[in-house]
Ligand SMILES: Cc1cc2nc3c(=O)[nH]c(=O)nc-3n(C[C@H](O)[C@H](O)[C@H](O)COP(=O)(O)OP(=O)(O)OC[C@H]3O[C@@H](n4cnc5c(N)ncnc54)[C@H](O)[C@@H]3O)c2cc1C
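Given next, in structure tokens, is a single chain: the form predicted alone.
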Amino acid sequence: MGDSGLKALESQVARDLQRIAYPKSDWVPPRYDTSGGRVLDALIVGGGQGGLAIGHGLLRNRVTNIRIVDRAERGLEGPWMTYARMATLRSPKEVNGPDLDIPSLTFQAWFEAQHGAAAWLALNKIAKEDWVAYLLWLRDTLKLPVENRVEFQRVDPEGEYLRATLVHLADGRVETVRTRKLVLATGIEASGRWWTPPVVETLDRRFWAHTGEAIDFPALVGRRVAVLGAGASAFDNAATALEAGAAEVAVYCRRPDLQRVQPFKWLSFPGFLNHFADLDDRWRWRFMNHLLSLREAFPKETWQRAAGHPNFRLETGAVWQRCEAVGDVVRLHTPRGRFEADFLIVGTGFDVDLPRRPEMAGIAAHAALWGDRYAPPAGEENERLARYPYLGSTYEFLEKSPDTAPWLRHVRLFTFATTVSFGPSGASVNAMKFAVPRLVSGIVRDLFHEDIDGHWQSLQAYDLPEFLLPGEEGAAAPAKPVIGLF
């Protein structure tokens, strides 16, 4: 168990990868820019679970000339150790994704190698710290080329390639990279903004923070905290404040009842996860308009974590109509009456809005949105959904207007903003085993098609005989017959 168990597992991984390595040869012809520099086949922005899985998939397909960059320190990629304030993943422990269906690379294999099968059976859900440790182990075991503290700033077309601008945060060095394909696997916040109601935004920032931001929880000791929103993140933050020593935490829900049904459990089956993207626009819009209009329910553990504190309170039917600072206190006006708090935590979710992101400026100006491509029937309109990008069949951006930005097809998105086009995918552990192969297949297809002239010429020039005839240079001499004694 422990380190010895992991070493044995890593040996098993090496054997498994060797057994499924066929075909082994690198096949993507190298390309060079005008200065003679090697052009990347793919640049992946984001070293969290999505970026790692995509890198894994490309290497499995022998697309090896890739880089993976992430602006965070090692171990801080993704949300898990920053604004994800849950104790465990919300997915069931059996979920698999970044392993891409290699049993020895699954979380279960990693966990059992250290703690044993009995501990796995006793485990309820995956601790987020364990998930981070697992992802780092996966990254190291697969030798994925992740570079930390490297920030993606923008992308521009440059002839037949993309020109990506990167900043090395350790020393401020700016790097220009040419790449054939770009994948943005940059997490939920990279496609718009954390949304805050205007009634809160006007308050001095010393009174409030969003759940997607850094929050000084030790500073809440002995204070009254009000949390707006009744989703999983709102309750996770409420529980964190209670555990930090807040005097009182109240969660305010605008609906009369909590959302306790989790519709995303319903859709967790191969037909939906693998083929939702194949539906026509009418069905995709109808499903996602329904699902994204619901407040996502949270597991019972999340409820128990918060409600188990005697100083926790839930106020339903209590939307914040007006907020005003009175001295060092915030007064909240709701249909249920007036309340007071010392600090507010806003858990009102995320708004997809590509133009708000500076690194997406060049893309957002030309990319098609759902509002550009689909007019829903009366009664199904949704302004928020209309701002989601309308993506091609393998997660590529499409042009808003024909022939204005053909280079967009080389940029793929793998964030929460893919949801209307693909269902849960770019921000979902549950869907990763279906989503990543689709995206990777698109890149592999494009690289092959774009090099088809070279492949044709290579085929015509291919003249390697399977064996040599006697007398040909390098042919082995005929074996002498063995005369035996009888």
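All residue numbers are counted from 1 along the displayed sequence. Computed from a predicted structure; not experimentally measured.
Keep in mind the form predicted in complex with the ligand is missing from the figure; the text below concerns it.
Peer 1: So which stretch, 401-409, 74-82, 275-283, 323-331, is the one near the ligand in the predicted complex (non-hydrogen atoms, 4.5 Å)?
Peer 2: Correct option: 74-82.
Peer 1: Does Phe235 make contact with the ligand in the predicted complex, using a 4.5 Å heavy atom cut-off?
Peer 2: Looking in the predicted complex, residue contacts with the ligand do not include Phe235, since no heavy atom lies within 4.5 Å.
Peer 1: With a 4.5 Å heavy atom cut-off, would you call Ala185 a contact of the ligand in the predicted complex?
Peer 2: Yes.
Peer 1: Find out whether any non-hydrogen atom of Tyr252 is located within 4.5 angstroms of the ligand in the predicted complex, and reply yes or no.
Peer 2: No, Tyr252 sits far enough from the ligand in the predicted complex that none of its heavy atoms falls within 4.5 Å.
Peer 1: Examine Asn61 and determine whether its closest non-hydrogen atom to the ligand in the predicted complex is within 4.5 angstroms.
Peer 2: Asn61 lies outside the contact set for the ligand.
Peer 1: Could you spot which one of Trp110, Phe414, Phe343, Tyr388 gets a heavy atom to within 4.5 Å of the ligand in the predicted complex?
Peer 2: By the 4.5 Å heavy-atom cutoff, the listed residue in contact is Phe414.
Peer 1: With the ligand left out of view, choose which of Val155, Val352, Met86, Ala318 has a non-hydrogen atom within 4.5 angstroms of it in the predicted complex.
Peer 2: That would be Met86.
Peer 1: Taking the ligand in the predicted complex, which residues of 428-462 have any heavy atom within 4.5 Å of it?
Peer 2: Contacting residues: Ser428, Val429, Asn430.
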